[in-house]
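Just one chain is shown here, as structure tokens, and it is the form predicted on its own.
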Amino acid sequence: MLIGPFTQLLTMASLPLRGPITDDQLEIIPDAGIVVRNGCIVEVGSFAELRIRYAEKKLVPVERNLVAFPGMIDAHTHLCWAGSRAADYALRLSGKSYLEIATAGGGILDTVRKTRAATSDELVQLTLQRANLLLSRGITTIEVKSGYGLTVHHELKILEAIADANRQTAADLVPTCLAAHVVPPEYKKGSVVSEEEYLTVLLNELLPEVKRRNLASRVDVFIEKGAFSEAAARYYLQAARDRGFDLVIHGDQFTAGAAAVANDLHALSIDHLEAAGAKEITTLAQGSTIAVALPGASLGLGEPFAPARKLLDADNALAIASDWNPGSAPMGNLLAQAAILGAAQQLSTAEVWAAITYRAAAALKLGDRGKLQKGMKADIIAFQTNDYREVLYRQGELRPSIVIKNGKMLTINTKQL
């Protein structure tokens, strides 16, 4: 079928994976059409020319004054949780730090208690509702982490819930096993934390079952004070890689040091990087690991943003993700966060859109999306405007009028959210 005409269409084609991008490098096709077959893009170009060449094909007309982009990709979320952390947020507003709240029994472990208590059906529905909300906002591929179970049983329950939600939503959910989120209370004896003992259980009991059930191909670990040390994380990640998993790291959020681990172990991405300095930026530029900035966590915690401009100028690949979770990043609005980070860090429009499309796809090792060109998935979103620059200018307030996933025009029910 032929879809169009769009007033403008941004293909994101022929752009680099790493380093800066200027707006004049963008390919913008005016009065454009897209030919789709079996959920993939066959051709993109002038609508008038495509109308002649594909005259016998079904025409799907669109409204006037629409600008089309590739479907957005959120490469870091924690959608599968139960409960609220509004109390934590109030404490932060009153001056308590994230680490102080966690030490006092709040933080991640508060969500762990509530998520463990939730039924599988409840977790499926919560994940599905959040995924469909993101889909209605134009996010067609969503990474979803476990990490609020912290036992073999509960981590499997969460990953199964993510898989079940994935079968029920039109969005693509990409699962990641983040059982190494923090050390659970069961492995703490007074002031002594048995991180190696817990990680050994994950390696010997959880990951084999995750692989057997095909619940995730990615393993994540949080390297930070109060979570896991660099040494323990290296041990765990190396063993996970030996078992066939791709590696992801939560790192350099409050203290630096994880970038070297990511580079040495060839992790797909290192996410956060608010504490990354010149050394970490240079280290990442020497490898293939993609830097994922999480502005939602900076906004939620009142912390500085990741040094996105410096990362790009050092020839790093930069993605931007929402980190939607109940504690540090409760907003969940990727487009708003990306626009705000762009303004704060002086990122070009092209750099921001690259970070939430094809560069985010690369962080998930997905080479079939993030661009509107021949052979890619027909994941297309369109906004009611005649100028592509309006979308970031409106900082998330402009929502897509059209969401197409795998070539299908979607009507998304989000009334339960």
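Given the structure is predicted, the values throughout are model-derived calculations rather than measurements. All residue numbers refer to positions in the sequence shown, first residue = 1.
Absent from the display: the form predicted together with ligand NIG. The rest refers to it.
### Task
Examine residue 323 and determine whether its closest non-hydrogen atom to ligand NIG in the model of the complex is within 4.5 angstroms.
Residue 323 belongs to the contact set for ligand NIG.
### Message
Even though the partner isn't displayed, in the model of the complex is residue 85 close enough to ligand NIG, meaning a heavy atom within 4.5 Å?
### Response
The answer is yes: residue 85 has a heavy atom within 4.5 Å of ligand NIG.
### Query
If you check in the model of the complex, is residue 198 within 4.5 Å of ligand NIG, heavy atoms only?
No.
### Query
Would residue 78 count as touching ligand NIG in the model of the complex under a 4.5 Å heavy atom rule?
Close contact exists here: in the model of the complex, residue 78 approaches ligand NIG to within 4.5 Å, heavy atoms only.
### Task
Heavy atom within 4.5 Å of ligand NIG in the model of the complex: which of 140, 289, 328, 127 fits that? Just give me the one.
Of the listed residues, the single hit is 328.
### Heavy atom within 4.5 Å of ligand NIG in the model of the complex - the one residue of 312, 268, 202, 108 that qualifies
Among 312, 268, 202, 108, a heavy atom within 4.5 Å of ligand NIG in the model of the complex occurs only for 108.
### Query
Of the listed stretches (127 to 135, 205 to 213, 167 to 175, 248 to 256), which one has a non-hydrogen atom within 4.5 Å of ligand NIG in the model of the complex?
So the stretch in question is 248 to 256.
### Residues within 4.5 Å of ligand NIG in the model of the complex, restricted to 113 to 146 and counted by heavy atom
Residues within 4.5 Å: none.
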